[in-house]
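Single chain ahead, written as C-alpha cells, the form predicted on its own.
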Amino acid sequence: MRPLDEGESTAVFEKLFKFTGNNLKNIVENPSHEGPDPNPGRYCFRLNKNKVYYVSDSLVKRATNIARANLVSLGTCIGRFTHGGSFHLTVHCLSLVASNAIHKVWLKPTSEMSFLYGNHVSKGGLGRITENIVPGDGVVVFSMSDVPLGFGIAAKSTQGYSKLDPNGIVVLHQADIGEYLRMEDEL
C-alpha cells in the first residue's frame, strides 16, 4: 500500500471533482476520529494492486505491520486504475460521493429497478433533477426517499431533457448498488 503519485492523484481528483465539484475539499479535509490518538487525524488515498482506497491515517500507520502481499483491503475502495491507466470509480464510493454531490437526479419508484439492473435513466423515469446540469457532468442517482442508488454521467442538460421523448436517455449508467448482487464474485 503506497501513496498515490502525482499523475494518479490528478486522475482520482479529476474524477471525484466531476461528481462533487468544490465539495471535494470536504472529502480531502474530512477529520478522522479513528484510533487511540485523541486528536483527529485525516483521511488519505492509498493505492494497492491498482485499487485506490480512502482510509484514515491512523489505520494506515497500523497497517504497516502487514506485508503488502498479505494485505487484501484497507478502508473504502473508491475505484481502480485500468491497464490503460484511466481511473474508474466503483460502487463502493457511493456513500462518499452521494454525501458531497452537487448534481442529483431522483427516480420514480417504477424506474428504480430498471436502474438497479444496470440500465440508463430515461426521461420517463425521472422524478426530480437539480439545476445547472450540463452534458458530461457526474450525477448521483437517488430514490424519491433520498436513498442513493448509484451514479452516472449526464447525457442531457437540465434544460435539454425537457425536449426529449419519454424514452430518451438522461443519465448514462456507471455504477449502482445492484452490482453487489450481480457481480459479487468480482467485488
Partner chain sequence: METETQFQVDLGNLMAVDLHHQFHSIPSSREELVKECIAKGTELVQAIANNLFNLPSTEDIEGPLVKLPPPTTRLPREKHIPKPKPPTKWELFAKAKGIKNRKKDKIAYDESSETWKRRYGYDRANDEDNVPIIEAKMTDVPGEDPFAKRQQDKKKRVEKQDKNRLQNLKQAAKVGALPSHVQLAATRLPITGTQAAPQKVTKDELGDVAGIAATATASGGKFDKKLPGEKPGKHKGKYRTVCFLPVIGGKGIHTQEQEQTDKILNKLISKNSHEMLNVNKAVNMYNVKKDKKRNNRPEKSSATSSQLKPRKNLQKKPYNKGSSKPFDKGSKKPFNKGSKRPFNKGSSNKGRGK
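Positions refer to the first chain, counted from 1. All of these numbers come straight from a predicted model, not from anything done at the bench.
Absent from the display: the form predicted in complex with its partner chain. The rest refers to it.
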- Item | Close approach of residue 167 to its partner chain in the predicted bound form, 4.5 Å, heavy atom | no
- Is there any non-hydrogen atom of residue 66 lying within 4.5 Å of its partner chain in the predicted bound form? no
- Can you check whether residue 24 is within 4.5 Å of its partner chain in the predicted bound form, heavy atom basis? yes
- Evaluate residue 132 for contact with its partner chain in the predicted bound form, applying a 4.5 angstroms cut-off between non-hydrogen atoms, and reply yes or no. yes
- Item | in the predicted bound form, residues of 47-77 near its partner chain [heavy atom within 4.5 Å] | 60, 61, 64
